[in-house]
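Shown here is one chain on its own, the form predicted on its own, set out as structure tokens.
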Amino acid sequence: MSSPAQAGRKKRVFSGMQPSGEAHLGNYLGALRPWVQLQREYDCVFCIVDDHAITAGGNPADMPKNVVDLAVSFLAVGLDPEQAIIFVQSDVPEHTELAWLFNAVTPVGDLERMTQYKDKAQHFESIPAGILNYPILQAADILLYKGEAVPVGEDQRQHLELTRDIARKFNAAYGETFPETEALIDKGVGRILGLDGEAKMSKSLGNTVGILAEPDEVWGRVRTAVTDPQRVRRDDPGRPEVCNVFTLHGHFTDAETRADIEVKCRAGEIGCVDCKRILSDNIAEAFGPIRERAAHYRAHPEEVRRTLQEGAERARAIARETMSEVREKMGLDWRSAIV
């Protein structure tokens, strides 16, 4: 990841995650672990995006617990409320207000071209407007804080480009207001495939493991992971370059051990089960401190509550300032007409 320019202040970064309970391995590798580093280098705003989550449906009764579980995961991995703003999206209503105002400058055709919209729309007989407008709310999330950079994976690049387009269109129509947000790509991570070796890691697909899982549970999940499909017997020569388990070793296993696994795999001297066991043990060990911190926050829920409440207050202070500027520029401040 590129570092912010050396200037009088740090660049502001915004990123969010939907609440579906405790974070999983894909969340950790693709977002949370990089966020921990980013908070040291940037002015970071991290959001639990529950307004986004409602577009997926589900039982509303599950949402509060899912939000708290994800907040615990945030804190357990090392996100620090002293270094970053951590809050829940719906606690700052300016997000949805700005999203509505951005409807005034966003062409429907641009929304219909979004790849994720096309993919998600196939799962609905009657497509909710929220699925179409999802990237407008994403743009509002980022630009409400005048976010100058966003950590994104390749699947979000198109949405970020729309955010940049919305900023340009708004600035052209109403005057210079928003930055054209840059993408921060962690080239050391890449796309994180699930344990099935095919789809992106997802709790709903059951192809991942929770970051708070106990060692036995980690092994129960990792042992199901798909390896080299051409390797049938233990002593068959393997192809580490096509094995997703070997790829995951790159995130949790030291270089010397990985090199040894690679040599033995190619020679048929180590079986897939043994390879998975090493990976499972290393994942469980890496997540040990996270489990301990999570247990602390479970036992002290008032710390989680305070973090989210204070984070929302800090976020609202920025949001109110932005929206005051936006309303004035869009002619929504009727008080200015009364002398």
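When you see a residue number, it is the position in the sequence shown, counting from 1. From a predicted model like this one, the values you see are computed outputs, not experimental measurements.
FYI, the form predicted in complex with tryptophanyl-5'AMP (TYM) isn't displayed, but the following is about it.
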According to a 4.5 angstroms non-hydrogen atom cut-off, is Y134 in contact with tryptophanyl-5'AMP (TYM) in the predicted bound form?
yes
Going by a heavy atom distance of 4.5 Å, is I142 a contact of tryptophanyl-5'AMP (TYM) in the predicted bound form?
yes
Would Q156 count as touching tryptophanyl-5'AMP (TYM) in the predicted bound form under a 4.5 Å heavy atom rule?
yes
K276, heavy atom within 4.5 angstroms of tryptophanyl-5'AMP (TYM) in the predicted bound form
no
Among C265, L248, V152, V218, which has at least one heavy atom within 4.5 Å of tryptophanyl-5'AMP (TYM) in the predicted bound form?
V152
If we test each of A31, A312, C272, A294 for a heavy atom within 4.5 Å of tryptophanyl-5'AMP (TYM) in the predicted bound form, the one that passes is A31
Just to confirm the contact call: exactly one of 105-113, 233-241, 76-84, 192-200 touches tryptophanyl-5'AMP (TYM) in the predicted bound form at a 4.5 Å heavy atom cutoff, so which is it?
192-200
Contact check, 13-37 vs tryptophanyl-5'AMP (TYM) in the predicted bound form, heavy atom within 4.5 Å, ordered by sequence, gives F14, S15, G16, M17, Q18, H24, G26, N27, G30, A31
